[in-house]
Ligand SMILES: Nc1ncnc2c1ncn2[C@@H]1O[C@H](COP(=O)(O)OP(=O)(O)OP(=O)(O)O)[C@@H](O)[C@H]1O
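Here you get one chain, nothing else, as structure tokens; it is the form predicted on its own.
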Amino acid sequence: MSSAEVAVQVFRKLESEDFRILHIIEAAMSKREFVPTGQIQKYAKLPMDRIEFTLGKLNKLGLIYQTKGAYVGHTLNYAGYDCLAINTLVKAGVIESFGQTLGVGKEADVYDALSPDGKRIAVKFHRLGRISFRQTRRKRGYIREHSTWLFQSHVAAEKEFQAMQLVYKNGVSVPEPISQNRHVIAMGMIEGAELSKYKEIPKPEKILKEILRNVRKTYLKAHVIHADLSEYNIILKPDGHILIIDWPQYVKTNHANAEDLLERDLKNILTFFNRKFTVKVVVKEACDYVIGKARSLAI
């Protein structure tokens, strides 16, 4: 069972005092990995028996870890962090209930959910701590050295949400960005599957044109480059149109490596379409089209 599944199952069992303790542990983790019981009592201003009861409950529900050495310490795990984010989004009127898992990956879990007005939405939980810190930092240059998994995941969600807001308002085909808290993003529903999962698609030339039009809008209107684009983060919807997802590595078009990153994105997509569907487009011609040097692109 994933940590988000744990969080969704136990969320309704939590009371205000439980959330208060989780908040205190979260805040104290900025300075130390395991927070002493005495420090929690100091900020909670509750009797020690109530503190110990609540900590025991949170530990039993699988929301914190405890360590016993020179002192008894407590730290959040992902399920505890999930509960804090879910609680904020529920209070803000963003989420009413959760449905099924839409996808589980190395760095994120995505779930089906309902808003209070009955609208289906997708909720993405960033999970950067699943891979090694060095790997995370090498792949994601915006992660500073010695960051905790909590900070890494929070920054990734924040950065992705900013990118989605930028490109969405400029007409790029992405899920609607609805809200973000900590490491969690609520967005418009994602229906369909990754391009990589299709053995055949109707009119692949048409789909490639739509992808490149969206990359062009992203560049010319939003002044953004995805910087991690591939067949694994382009969704082909049931209606035959596309959605571009997974934006935390985006860069602005004035970035020092913008040209190389754009070329890499395009090369990834064009190589996939050539290999899988024998649709051939020259990378240089695609680049010229995306950056506005060419008004059209023959496919």
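Owing to the predicted nature of the structure, the values given are computational and were not obtained by experimental measurement. Sequential numbering from 1, following the sequence displayed.
Unshown form predicted in complex with the named molecule; subsequent notes refer to it.
*Asks:* Just one stretch in 56-64, 255-263, 32-40, 230-238 has heavy atoms within 4.5 Å of the named molecule in the model of the complex, so which one is it?
*Replies:* The contacting stretch here is 230-238.
*Asks:* In the model of the complex, does every one of P175, E194 and I245 come within 4.5 Å of the named molecule, counting any heavy atom?
*Replies:* Yes, because P175, E194 and I245 each have a heavy atom that approaches the named molecule to within 4.5 Å in the model of the complex.
*Asks:* Decide whether I190 counts as a contact residue for the named molecule in the model of the complex under a heavy atom distance cut-off of 4.5 Å.
*Replies:* Yes, I190 is a contact residue.
*Asks:* Can you work out whether G171 and the named molecule are in contact in the model of the complex, taking contact to mean some heavy atom pair no more than 4.5 Å apart?
*Replies:* Taking the distances in the model of the complex, the answer for G171 is no, it never comes within 4.5 Å of the named molecule.
*Asks:* Contact with the named molecule in the model of the complex for H183, defined as at least one heavy atom pair within 4.5 Å: yes or no?
*Replies:* Close contact is absent here: in the model of the complex, H183 is far from the named molecule, nothing within 4.5 Å, heavy atoms only.
*Asks:* Just checking whether V94 would be counted as a contact of the named molecule in the model of the complex - the rule being heavy atoms within 4.5 angstroms.
*Replies:* Contact check for V94: no, nothing within 4.5 Å of the named molecule in the model of the complex.
*Asks:* Just one of A222, V110, L150, L212 has a heavy atom within 4.5 angstroms of the named molecule in the model of the complex, so which one?
*Replies:* Spelling it out, the residue with a heavy atom inside the cut-off is V110.
*Asks:* Have a look at V155, L84, L166, A122 for me and say which one sits with a heavy atom within 4.5 Å of the named molecule in the model of the complex.
*Replies:* Contact residue from the list: A122.
*Asks:* Let me know which residues along 92-113 have a heavy atom within 4.5 Å of the named molecule in the model of the complex, or say none if there are none.
*Replies:* Result: L102, V104, G105, K106, E107, A108, V110.
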